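Okay, so here's just one chain, in structure tokens, the form predicted alone.
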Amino acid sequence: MPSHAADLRIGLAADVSSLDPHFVNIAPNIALSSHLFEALTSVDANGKLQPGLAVSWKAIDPTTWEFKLRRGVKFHDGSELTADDVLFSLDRPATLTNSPGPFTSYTKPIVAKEAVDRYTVRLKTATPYGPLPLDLNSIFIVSKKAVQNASADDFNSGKAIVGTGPFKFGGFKRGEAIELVKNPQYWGEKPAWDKVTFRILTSDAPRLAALLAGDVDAIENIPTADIARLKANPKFTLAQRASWRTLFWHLDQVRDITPDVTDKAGKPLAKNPLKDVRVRQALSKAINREALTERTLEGLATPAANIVSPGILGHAEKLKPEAYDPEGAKKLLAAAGYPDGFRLTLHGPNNRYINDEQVVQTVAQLLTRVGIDAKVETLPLSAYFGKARAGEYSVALLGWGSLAGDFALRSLVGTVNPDTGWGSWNWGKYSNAKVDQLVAASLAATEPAQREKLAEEAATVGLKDYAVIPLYHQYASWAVKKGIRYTPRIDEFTFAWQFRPE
């Protein structure tokens, strides 16, 4: 390895909103936490389940799972990982009641926990629950001693960031940079880098400029307009693959009067048109997904009919992307009582997904063509998610990646229930008893083929009801300085330890 290769600098496209690994369930936070903490299970670059802090697991009866912990694993402070840390970590998400995006959908199925011995944990579910090992990939194991009385300031200072991951916390400048240092006691394959600096470069131009200037060694989310230029530049290599992320619209389907929809004079409508399935279908038909993916996204996406990508359990192949049909959209609007359309505002982030602001603008233009006067309001991710989750919007853009369709449906369109964790990202408050029933049956299935069939059926019922309006499946891309390679991941995560010198 060249002498200079011990430091790695990566330009990130999205900011990290919290250093607490259980506070907000969004990809930038999870990606960072994955360097510092680990879960009982993990997934490889293709999304396949792998051992993590648990070396094995099995269902010892239909509602009881037993996990055997990896022995000799040390936290960053030198203390040993034990079953008590695991139980504490699984309890913790439910204690963070002010989270804008909780992890509780992964922990709520667990109704009882037991440390059988120092290295064995048993988890009980109320009903048979096959995907529990995959769920637990999302819950990071923290040191009980370091975290049980920790505040947000303790995480921001690094005091409470005591995990078992391949890197230790080095420093944090909010909105600017995060530094990590190699954990020499790490039990797994050692990272190639002594120090890693993540620079927060949410705007495309500065992120690309930093790469071209040599200020960073790699960037994620290559600006679409610059892909061809980078491919032709011998100083860099590109890593690309279809990812797990699907972009879709949430629509307010619960309130009788929704805040962002009025008549064309700006007066409130007597009722919320988004509650009418004909209107939701009209919005979907008005969107030209081919144009959106080929032009606005410059080929870095494919039109979607599902909320999970092809190849992921629960992706219903029989569902096809809604055909662009503006005349059909107008007829549906007329049939629903809106022959002259109405006015609405589309909300979305402007620094989270590929060309997200342009995507919102493109869809607004398409809706206008069918008689819906669509305004656009986009915000930085840090402000957007909180407002969307608080129900401030009528139509809001969200991108979601999941390793299983029933997981995604549970979080995104499952009937909201704080007690079970269902619907934790169901911004539109969609509710359909049949969908809930099918998702529950899928999650209870312990036979993979049965689970897949039920997950596909649940997706079909929900999406034919326009629970959300899918737009496209996004591609993931990285640009890396020559001499370094990166294996692209389906989950889009940028993991520093998976960059290796060539």
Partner chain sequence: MINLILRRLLQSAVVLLVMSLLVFIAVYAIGDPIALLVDPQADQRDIARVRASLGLDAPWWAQYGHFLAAAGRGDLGQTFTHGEPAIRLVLARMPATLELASAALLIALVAGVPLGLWAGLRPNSLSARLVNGLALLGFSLPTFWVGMMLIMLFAVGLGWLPTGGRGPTEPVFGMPLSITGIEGWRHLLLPAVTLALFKWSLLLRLTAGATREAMRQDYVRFARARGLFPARIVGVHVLKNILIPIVTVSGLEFGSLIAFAVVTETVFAWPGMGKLLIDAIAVLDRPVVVAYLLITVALFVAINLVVDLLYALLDPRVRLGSAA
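Bear in mind that the values here come from a model prediction, so they are computed numbers and not experimental data. Numbering follows the first chain given and starts at 1.
A second form of this protein, the form predicted together with the partner chain, is not displayed here; the remarks below concern that form.
Can you pick the one in Y393, F407, F140, F169 that has a heavy atom within 4.5 Å of the partner chain in the predicted bound form? Looking at Y393, F407, F140, F169 one by one, just F407 meets the 4.5 Å heavy-atom criterion.
State the residue from A59, I26, A444, L49 whose non-hydrogen atoms include one within 4.5 Å of the partner chain in the predicted bound form. Flagged contact: I26.
Just one stretch in 250 to 258, 291 to 299, 422 to 430, 317 to 325 has heavy atoms within 4.5 Å of the partner chain in the predicted bound form, so which one is it? The contacting stretch here is 422 to 430.
All of K113, P133 and L313 within 4.5 Å of the partner chain in the predicted bound form, heavy atom check: None of them does, since no heavy atom lies within 4.5 Å of the partner.
Contact test in the predicted bound form: V277 vs the partner chain, heavy atoms, 4.5 Å: Judged by the heavy-atom cut-off of 4.5 Å, V277 is well away from the partner chain in the predicted bound form.
In the predicted bound form, Q185 touching the partner chain (heavy atom, 4.5 Å): Heavy-atom contact with the partner chain at 4.5 Å: absent for Q185.
Might Y106 be said to contact the partner chain in the predicted bound form, defining contact as any heavy atom within 4.5 Å? Residue-level check for Y106: yes, a contact with the partner chain.
Check P206 for me: does it contact the partner chain in the predicted bound form (non-hydrogen atoms, 4.5 angstroms)? Because a heavy atom of P206 falls inside 4.5 Å of the partner chain in the predicted bound form, the answer is yes.
Does anything in 89 to 125 come within 4.5 Å of the partner chain in the predicted bound form by heavy atoms, and if so which residues, in order? In sequence order, T97, N98, S99, P100, G101, P102, T104, S105, Y106, K108 come within 4.5 Å of the partner.
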